[in-house]
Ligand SMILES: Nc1ncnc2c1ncn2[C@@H]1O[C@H](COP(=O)(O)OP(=O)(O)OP(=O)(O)O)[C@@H](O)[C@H]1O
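The chain below stands alone and is given as structure tokens, in the form predicted alone.
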């Protein structure tokens, strides 16, 4: 019996000597920031109402002046949802058609919808103007985001709780090189993945003055074309429409600065 007990003890000791030490349990990876945390981390943007009105941006509050833009907002949003689109490009045949005014009014009008998150990106890099509308100059330019030099959350500014605005800091000499690059496509994809906006608005250059818009339209789901009454010629509009249609879906057209003359209808 003593010999049997000694043999069992020896076998146990031998087995324990060969059991490898248990590896320490790895520390859990830190959780990725939530969508809400990413939005809250954006630097806030303070806007002066007088500055907005000066540039005809009137949708911060609901009022009669905002109504036409609110109608455009609702029609655009419903059509984009119906098609599963998230990215809206805004362009025009020629400059001075009011596309940036439309883009800013849409962005702030969407901001009044508390359940929506919207991002406005000023991609008119040869002649950026959004920073003038909002009377601010970001610490970094949107070009640095598109080239991967600066992350979006260190460059964009947040208006309210649900509108992010990414503006240029200065004009670029060769924007096509940036807008056509794979880095720009990757940057836009990452912004959408990280911030999950309901709609991204790209304020693009006019189509017929350079090739910047052609270079970027591959990244948009649809486009809104802005024409200006008594300034945009019909052949310019047709050429712009054909050009845009080659690269993305046309969601509609806005005739800007049209003045209805009641005298022509005989109505008081």
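Positions refer to the first chain, counted from 1. Source: prediction; values computed, not measured.
This next part talks about the form predicted together with the ligand, which is not shown.
Q: So the ligand isn't shown here. In the predicted complex, which residue out of 143, 117, 101, 155 has a non-hydrogen atom within 4.5 Å of it?
A: Checking each option against the ligand in the predicted complex, the one that comes within 4.5 Å is 101.
Q: Scan 75, 190, 137, 96 and let me know which has any heavy atom within 4.5 Å of the ligand in the predicted complex.
A: Looking at 75, 190, 137, 96 one by one, just 96 meets the 4.5 Å heavy-atom criterion.
Q: Can you work out whether the ligand is within 4.5 angstroms of a heavy atom in all three of 56, 127 and 256 in the predicted complex?
A: Verified in the predicted complex; spot residues all in contact, yes.
Q: Using a 4.5 Å heavy atom cut-off, which of 88 to 96, 175 to 183, 159 to 167, 191 to 199 contacts the ligand in the predicted complex?
A: Looking at the partner contacts, the answer comes out as 88 to 96.
Q: Does residue 60 reach the ligand in the predicted complex, with heavy atoms at most 4.5 Å apart?
A: The answer is no: residue 60 has no heavy atom within 4.5 Å of the ligand.
Q: Spell out, yes or no, whether the shortest heavy atom distance between residue 228 and the ligand in the predicted complex is within 4.5 Å.
A: Looking in the predicted complex, residue contacts with the ligand include residue 228, since a heavy atom lies within 4.5 Å.
Q: I'd like to know whether residue 232 contacts the ligand in the predicted complex, with contact meaning heavy atoms within 4.5 angstroms.
A: Residue 232 lies outside the contact set for the ligand.
Q: Let me know which residues along 200 to 220 have a heavy atom within 4.5 Å of the ligand in the predicted complex, or say none if there are none.
A: The one in contact is 206.
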